[in-house]
Each structure stands twice: as structure tokens, then as C-alpha cells.
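Presented as C-alpha cells, the chain that follows is alone, the form predicted alone.
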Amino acid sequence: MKTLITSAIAGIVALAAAHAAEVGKPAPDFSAKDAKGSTVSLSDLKGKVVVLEWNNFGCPFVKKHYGSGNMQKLQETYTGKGVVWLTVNSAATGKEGFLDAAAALSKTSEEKWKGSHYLIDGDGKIGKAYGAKTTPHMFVIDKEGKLVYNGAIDSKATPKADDIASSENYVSAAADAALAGKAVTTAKTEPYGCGVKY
């Protein structure tokens, strides 16, 4: 019986992994409400480069990038270039990092957030479709709707803001390449941060 259960669990894990978002393949479509109540569907954004950022404002690794202004600067720079920046909160109700719409609006204002939409993914459907593991976990989707980057925001997996200046920013490199219609040189890295609380 134990062997049967173990095999079943392994099968479920393999099935989930097989359906996770893969670099070079079409990005999983989704539709979700943002904190302002608007519906955002990835399929409606075809023709634009899209950045997905998993968020939990209480996470020290997220604080590194918001407290320093690094994340807001990236958001402002790339939305200024026509990129759609979607910040996603996949924390389940009552779990660490969860924000309802009103709290999300308040917190994004406080943090001077500059993204396009703050998506509430309380059932975790978007996060699980992409295999989002950490906050932050970053994805870049090209104009054809193909996933071209999956991983960390940068090359130094620490909560220290002082490390940002000497880090290689993978997201800006991927977004620049996607905007130029070029291949992304570093398309997959290991994300770092706090675990997403599904």
C-alpha cells in the first residue's frame, strides 16, 4: 500500500511539473482581477512584452528591492517602454503575505509601486500554472506570448540592498532582448526569496 501511495504522489508531482511554464513555450494564459477590480487577461496583451513579478511585501528579499527603490525603478523604466508589468500576489487567504484588494491598494501606494496591475491570485491558479516558488520570482513573456525568462531578479541571492548595484539584473536584460526581438541570453536562473504561501 505504501509503495502504491508513493507512486501516486510521484505521479502527481511529475504531472504538475510537466504542466509548469517552460521557457521557449507559450506562456500559460490566465485571467484575474487586479486590486482595482479590472480583469486582466494575458491573451489580451499579445503584441506587448509582459513581466510577471511574484510579490509579498513582508518578505525580506522583496523589501531589499522595494526599500531601495530598485523594483519601482525597473517598473517605471519598462512600463515607460510599453512593457506591461503584472505584480502577482498568490498568498492564500490568511497566509503570510496575503492582501485583499483594499490592502493591496494601500500597500502599493505606500511602497510607491509603479507596475501596470497588481493581481490578486488568492486561489494560487496563476502561481501554480507558472510554478512560482518565491517572492520575488520573475518571468518575462515576449510579444508573441512566449515565455522567454524564468527565474531570479538578479545574480545575488541575498536580502542586502547593498548588493543590488554589483548584481547582474536578469529581468532588465531579458526585457531589453524581448523588446528588441532578440534571443534572451540568460533565459533561466534559480529564483531566490521567500516561499510563496499557497
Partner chain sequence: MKLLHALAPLMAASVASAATHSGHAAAELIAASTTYEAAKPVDAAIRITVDPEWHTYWTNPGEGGMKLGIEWQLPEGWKAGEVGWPVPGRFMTGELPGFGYFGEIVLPVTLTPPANATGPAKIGLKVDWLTCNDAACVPGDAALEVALSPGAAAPTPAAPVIAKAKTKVPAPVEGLKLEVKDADKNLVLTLTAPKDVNPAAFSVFQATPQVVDPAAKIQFAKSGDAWTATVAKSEYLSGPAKTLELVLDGGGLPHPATVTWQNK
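Values in this document were obtained by computation on a predicted structure and should not be read as measured data. Numbering follows the first chain given and starts at 1.
Separately, the form predicted together with its partner chain exists; it is not shown, and the next lines address it.
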So in the model of the complex, does Lys46 come within 4.5 Å of its partner chain, heavy atom to heavy atom? no
Taking its partner chain as it sits in the model of the complex, is Val40 in contact with it (heavy atom to heavy atom, 4.5 Å or less)? no
Is there any non-hydrogen atom of Lys125 lying within 4.5 Å of its partner chain in the model of the complex? no
Under a 4.5 Å heavy atom criterion, is Pro26 part of the interface with its partner chain in the model of the complex? no
For the chain shown here without its partner, which stretch in 169-177, 155-163, 31-39, 46-54 has non-hydrogen atoms within 4.5 angstroms of its partner chain in the model of the complex? 155-163
Heavy atom within 4.5 Å of its partner chain in the model of the complex: which residues of 179-193 qualify? Lys188, Thr189, Glu190, Pro191, Gly193
